[in-house]
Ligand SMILES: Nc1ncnc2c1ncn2[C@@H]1O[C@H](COP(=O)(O)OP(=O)(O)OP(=O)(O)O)[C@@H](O)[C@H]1O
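Next up: just one chain, as structure tokens, the form predicted on its own.
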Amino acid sequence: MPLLQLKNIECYYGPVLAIKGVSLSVEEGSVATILGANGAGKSTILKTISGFIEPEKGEIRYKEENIAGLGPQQAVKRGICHVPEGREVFDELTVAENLRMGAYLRKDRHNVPADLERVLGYFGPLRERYRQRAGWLSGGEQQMLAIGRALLSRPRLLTMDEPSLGLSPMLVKEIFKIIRRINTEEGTTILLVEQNARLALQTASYGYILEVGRVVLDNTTRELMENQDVQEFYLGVQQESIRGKKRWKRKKLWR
């Protein structure tokens, strides 16, 4: 059984139907990705899984339990943690205090110091700035802090929203190297929304293409990278054979 299944989820923002019958599944121990244009509903899906948005219809099956509408605190207690777009660290708190916030709901306090040391092993710059305020960190360091804080909750499922946003290419490579390590070394299941489509497809094993609140294509990432429409619209590959096929009727989104 998949660790996570969405079944015909519908979500509204006010009167606007933002998610239109989305179904997807994520196998335990895997990395899956959701791609789509701005406004397609990618972040809404992650917020719905994490309990920040209650769906109007459908089910969110996590470990075979329907968790739709339970709220973010219950999601964290069950092992789901969300790394939001834009990092959203606590600027006035130190790096140490931010990291410990991730362990706030844990009952095994005696294990937290060892987990904290393990997280600092992934993110060397955080060790160097351990007593500094988070607001003084660079964008890349704040992204590391947001991921590290999530790891302190010991998540079984980690949802990540645009982890490369606003970062230099060198930092993006480093962040994704760490994401792969978290998956392989910790066994953490990851559902990733990412603007860098090529990097997302190289990192994940399965992908979903979202268009105006609907899944229009899903497959293994290997198959998606060989799909001519994906190559043109998401990977920037121009091919004579597909120039007249514009199935989704939009231009290339990312380089």
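Note that residue numbering begins at 1 and tracks the sequence as displayed. Every value quoted in this text rests on a predicted model; they were computed, and no experiment measured them.
We do not show the form predicted together with the ligand, though everything after this point is about it.
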Within 4.5 Å of the ligand in the model of the complex by heavy atoms, the stretch out of 65 to 73, 25 to 33, 219 to 227, 43 to 51 is 43 to 51
Among E141, E174, E162, D115, just one has a heavy atom within 4.5 Å of the ligand in the model of the complex, namely E162
| Heavy atom of L235 within 4.5 Å of the ligand in the model of the complex | no
>> in the model of the complex, is there a heavy atom of the ligand that lies within 4.5 Å of any heavy atom of G187, even though the partner is absent here?
In response: no
Open item on the list: Even though the partner isn't displayed, in the model of the complex is Q195 close enough to the ligand, meaning a heavy atom within 4.5 Å?
Closed with: yes
- Proximity of V215 to the ligand in the model of the complex, heavy atoms at 4.5 Å: no
Residues in 15 to 31 that come within 4.5 Å of the ligand in the model of the complex by at least one heavy atom, in order, are A18
